[in-house]
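Next up is one chain by itself, shown in structure tokens, the form predicted alone.
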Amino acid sequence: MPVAISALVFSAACAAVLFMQVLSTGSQTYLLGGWAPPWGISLVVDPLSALMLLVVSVGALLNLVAFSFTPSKWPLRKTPAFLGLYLLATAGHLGIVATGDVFNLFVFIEVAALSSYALLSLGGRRATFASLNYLLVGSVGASLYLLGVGYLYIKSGSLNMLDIARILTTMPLSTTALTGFAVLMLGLWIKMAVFPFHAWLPAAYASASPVTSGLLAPMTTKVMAYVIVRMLITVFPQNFLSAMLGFSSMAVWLACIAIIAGALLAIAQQDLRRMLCFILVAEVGYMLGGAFLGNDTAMTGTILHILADAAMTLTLFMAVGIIVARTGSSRIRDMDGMFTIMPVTMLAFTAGALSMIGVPPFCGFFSKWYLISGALEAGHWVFAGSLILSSLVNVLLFFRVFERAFFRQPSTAAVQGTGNWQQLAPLCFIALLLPAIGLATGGIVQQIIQPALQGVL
């Protein structure tokens, strides 16, 4: 355990230093083996990817530190393997963010996915079946992504992202390149759990151990959303979306369906973790729709929501994980009096819930503001309405939990174990970041997002 935490501390520190360096001096490039593109593989970190590196590394560290104080909930005889898989999954997601090569991106996606399958399977019998389902669906998504890369290689003869973008800009649009774009995006949608490819997500995350769901729920879908954004702003020229207006329109309508379906399915859940999983399905729709609306405002909202959703999802899943570790239950009916039993945990949960609803000054408000503004700018009233409806449903979902946790008396069976500040400190830290990120939205947009989108949309 100390080795794993030390590795994540070092990774987070390096990500923070790199983030400051990129903001002050510009993008950084590292050539693996000294081979220059397009023949060699490069790692490229610009302000946007530097921010994502910081999000992934800090999130993985906080989650592991929090749950390292609940060893009774871990598969004790497999703890070394668990920690190795945990670090491998984190490294895979970091690689996805930093790579500048579309095939190397596939490799990192599979590194992250394979380690995630194994992590999820350690949660118990139900988790093993859910992990197998995730493996099958994820393999289909990865295969489609790789097929799309093959189409792009046929037309461009390169795998480097910037090189592909340069080549595609100089040649007329072709059926091969457009097919590659569509197939590649479909593969990413499956990996991202876009409705109706979402069924693996609630089953996998709700049955996993708290430390596993605390790692993967905030990380995987957001990193996949980042990949879609990266493809749209770096790899594919603007004329691709212009030539495939039908595809973009389908993506936005699919996002609307995902938002509404995720919200309605969340209402039907009686388990808090499953409820959060279906809210996550709706959140995926937020990011998908914003990415394909085709204007600067909506894309800004998408990138902001990747950051905001990572923070508030981590807060909520960590809080629920601590509740499960202490009470042994995540059923909503067992939340009676939880504000009395676990006041600090529930305050952090409340902060995450208010951010998910979109209450200012929490970060969820500002990303939703940009997304709704982008939808209105594009004239897509249905997407804007879906966002508002989802937020209203979130009010219903979370306030039914608050009603039980605050106004009802705790049952004696719910009081088990003792809390500790070593466990609660990471949760409090990430909860305090929610309003801090919201108040820093202006600086994030000006210094990170606008430079990334300049001249793209």
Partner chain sequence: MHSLGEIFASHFNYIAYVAIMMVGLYAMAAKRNLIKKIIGLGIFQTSIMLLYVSIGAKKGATIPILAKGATAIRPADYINPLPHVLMLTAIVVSVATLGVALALVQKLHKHFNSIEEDEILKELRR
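Quick caveat: nothing in here was measured; it's all calculated off a predicted structure. Numbering follows the first chain given and starts at 1.
Absent from the display: the form predicted together with its partner chain. The rest refers to it.
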At the 4.5 Å heavy atom threshold, is A81 in contact with its partner chain in the model of the complex?
no
Is the gap between A206 and its partner chain in the model of the complex 4.5 Å or less for some heavy atom pair?
no
Heavy atom of G150 within 4.5 Å of its partner chain in the model of the complex:
yes
Does its partner chain come within 4.5 Å of any heavy atom of M250 in the model of the complex?
no
Please identify, from 230-238, 153-161, 369-377, 264-272, the stretch that has a heavy atom within 4.5 Å of its partner chain in the model of the complex.
153-161
In the model of the complex, the residue from L88, V140, A165, V359 with a non-hydrogen atom within 4.5 Å of its partner chain is V140
Of L114, L254, A199, A182, the one that lies within 4.5 Å of its partner chain in the model of the complex (heavy atoms)
L114
Within 4.5 Å of its partner chain in the model of the complex, counting any non-hydrogen atom, which residues from 125-155 show up?
R125, R126, T128, F129, S131, L132, N133, L135, L136, S139, V140, S143, L144, L146, L147, V149, G150, Y151, Y153, I154
